[in-house]
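Shown here is one chain on its own, the form predicted on its own, set out as structure tokens.
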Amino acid sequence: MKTFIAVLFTVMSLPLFAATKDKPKSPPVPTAQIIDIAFLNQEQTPPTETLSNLDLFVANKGVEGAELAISDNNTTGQFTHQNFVLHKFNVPVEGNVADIFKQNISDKFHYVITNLNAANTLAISDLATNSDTLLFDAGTVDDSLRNEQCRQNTLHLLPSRAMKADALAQYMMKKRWSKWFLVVGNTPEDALFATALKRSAKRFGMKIVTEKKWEHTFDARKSAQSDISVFTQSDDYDVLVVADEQGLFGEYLAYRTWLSRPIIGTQGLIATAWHSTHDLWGATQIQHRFQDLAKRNMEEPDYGAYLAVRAIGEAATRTKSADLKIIRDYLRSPQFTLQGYKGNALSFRAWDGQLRQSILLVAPRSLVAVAPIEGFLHPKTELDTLGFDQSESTCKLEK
């Protein structure tokens, strides 16, 4: 009996032994590609004057947008064996941006996102001219950086002032509000936006019947009722157009003008890359995810930084590479597209590095329209009806 059991045990063990011996080895897990991204941000100065304390001041807008995009990139990266790492460099208000870049970023990172003013963005672009660095400008709207001051190593994520002004002009043309009363603030940024508005007015057949510069030094909250009424006396016009990027007086024009007219520009109906009222094309999902992360609404710099990180992730995923040259060429190619939660696919213009995109036209608590407005046509893409088209641009990056 013992002999029978021993033989049976041996026979039953043979197939198990053979199966174990012949079992194929699991293929090795591919090593993940590490894609390091630097985020260079300078803290913003709190406004010295403000008409309202309703808007929360955020010194580091943009950072949370980049963090959200890193999370999205790495979700896809689990399947493509790519790992995206965000390295944050925050410069104090009085800090030297160029020094931080040279000490901590230059020659260490291929991909650098900047959330800086125009002067510092241009300085960093020049510092990185001879290095293997691709810059993503997520903070400026200056037309000069897309034209005479453009740089081969820099891509721009937010719509320029010209793009925003064109979006407003298209909607005014649709409404047939062609006579404009233009009010311009006294900061350099106000003058730049006024220039963009005048260009758009000429481009789309608007007529500026009156232009005035806001030079009052009084507190608008105390004397708005009488002084604004007198200030806005003019020949008949269809719409009051305001260039007040700092928000020093524009909010107090509504309901106080001599004539009852709509207000557009930097107050009233505004043109923007992103807004909390936007809920189309899956925007509600990203709005909620950002609120969970940052405990506030997403704003333009956050959206710009989000798009920058996502553009790197999309290019790396599609090319299956972390190589700078491969990703840079793909980003500038016609094959690259990016989902921006605004209907049309986003892509970079070859001639100036600007991200072409739809622009939201919003009132404080509602989405009014999305530009380009239906009916404005272009031989390549209707998105190029906004801002400087290739034939108008003074920047020629395309070889």
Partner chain sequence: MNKKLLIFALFAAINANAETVFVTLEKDNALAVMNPIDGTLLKTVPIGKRPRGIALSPDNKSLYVATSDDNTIKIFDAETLKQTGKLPSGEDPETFALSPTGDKMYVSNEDDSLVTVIDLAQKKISKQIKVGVEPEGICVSADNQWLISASETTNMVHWIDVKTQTIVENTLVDARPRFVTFTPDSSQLWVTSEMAGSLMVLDTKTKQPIKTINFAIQGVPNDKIQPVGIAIDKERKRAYVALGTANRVAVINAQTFEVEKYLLVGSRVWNVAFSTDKKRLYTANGLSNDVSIIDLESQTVTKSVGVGNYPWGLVVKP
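Numbering follows the first chain given and starts at 1. Note that this is a predicted model, so its numbers are computed, not measured.
There is another form of this protein, the form predicted in complex with the partner chain, and it is not shown here; the text below is about that form.
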Handout entry: Contact test, all of Lys88, Asp190 and Ser366, partner the partner chain in the model of the complex, heavy atom 4.5 Å
Key = no
Problem - the partner chain in the model of the complex: contacting segment from 315-323, 205-213, 192-200, 104-112, heavy atom within 4.5 Å - result: 315-323
Problem - The unique member of Arg289, Lys175, Arg256, Arg296 whose heavy atoms fall within 4.5 Å of the partner chain in the model of the complex - result: Arg289
Handout entry: in the model of the complex, the residue from Asn130, Ser260, Gln78, Gln233 that sits within 4.5 Å of the partner chain by heavy atoms
Key = Gln78
Handout entry: Phe181 within 4.5 Å of the partner chain in the model of the complex, heavy atoms
Key = no
Exercise for the section: Please run the contact check for Trp351 against the partner chain in the model of the complex: heavy atoms, 4.5 angstroms, yes or no? Expected result: no
Problem - Heavy atom of Asp227 within 4.5 Å of the partner chain in the model of the complex - result: no
Problem - Contact of Tyr303 with the partner chain in the model of the complex (heavy atom, 4.5 Å) - result: no
Problem - Any residue of 248-280 that, in the model of the complex, places a heavy atom within 4.5 Å of the partner chain - result: none
